[in-house]
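Here you get one chain, nothing else, as structure tokens; it is the form predicted on its own.
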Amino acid sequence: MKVLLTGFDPFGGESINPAYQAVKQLPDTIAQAQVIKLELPTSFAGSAQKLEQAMQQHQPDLVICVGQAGGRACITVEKVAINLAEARIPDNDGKQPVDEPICTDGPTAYFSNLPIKAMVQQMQQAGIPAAVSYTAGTYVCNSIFYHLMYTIEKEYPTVRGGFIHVPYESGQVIGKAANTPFMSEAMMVQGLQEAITAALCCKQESKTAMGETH
């Protein structure tokens, strides 16, 4: 088994991106699966191209992309990617799409085909704050999640894939509002390892209700 894990480079004026900082510290083997780690550019076009190349090169069985969601207090496993690029700030290539489809021939949305509730439960049982999320935003994180699921549907129907958001790392909140949530890098690494283990080992999704009222 091969697992391809990706994380983004820094964006939005930040000096680090905890997504790739955590990904690169994960072990090279998780639950007997080989782990391949890849840094993606925070670019709508560049990230999709690099991900497609890596999938073609490595032929993974499982792909999880990881991104930063500053302002969230826990690790969130994403349920749905939408076919919309709407950038409040430019990406690292200076591109700022507004109300554009990600793939003109793609559906309105894709659901992750990972056992996302089981992944959340395994993190929670390990003492890691975690939750299901029903929006990956409209920036590059959502875009790469959508591209991943589109590529799986079109070219790799047996591959499983999804997206995980991590909070700010503790050092990033210096100078931000006093109540800005954060998480230690060590906890992110542990949480991702638990989530990946569950994704590899869980054959059925949990039936626990984890929906939101608003």
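The structure displayed is predicted, hence computed values, not measured ones. The first residue of the sequence shown is number 1, and the count goes up from there.
Below, we turn to the form predicted together with a further copy of the same chain, even though it does not appear here.
- Shown without its partner, this chain lists Met187, Ile30, Val159, Leu51 as candidates; in the predicted bound form, only Met187 has a non-hydrogen atom within 4.5 angstroms of a further copy of the same chain.
- With respect to a further copy of the same chain in the predicted bound form, the three residues Val98, Thr108 and Thr135 uniformly fall within 4.5 angstroms at the level of their nearest heavy atom.
- Ile82 belongs to the set of residues with a heavy atom inside 4.5 Å of a further copy of the same chain in the predicted bound form.
- Interface membership of Cys141, defined by any non-hydrogen atom within 4.5 Å of a further copy of the same chain in the predicted bound form, is ruled out.
- When contacts are judged by a 4.5 Å heavy atom cut-off, Thr151 does not count as touching a further copy of the same chain in the predicted bound form.
- In the predicted bound form, none of the heavy atoms of Val35 sits within 4.5 Å of a heavy atom of a further copy of the same chain.
- Residues Ser170, Gly171, Val173, Ile174, Ala178, Asn179, Thr180, Pro181, Phe182, Met183, Ser184 of 163 to 185 are found to place at least one heavy atom within 4.5 Å of a further copy of the same chain in the predicted bound form.
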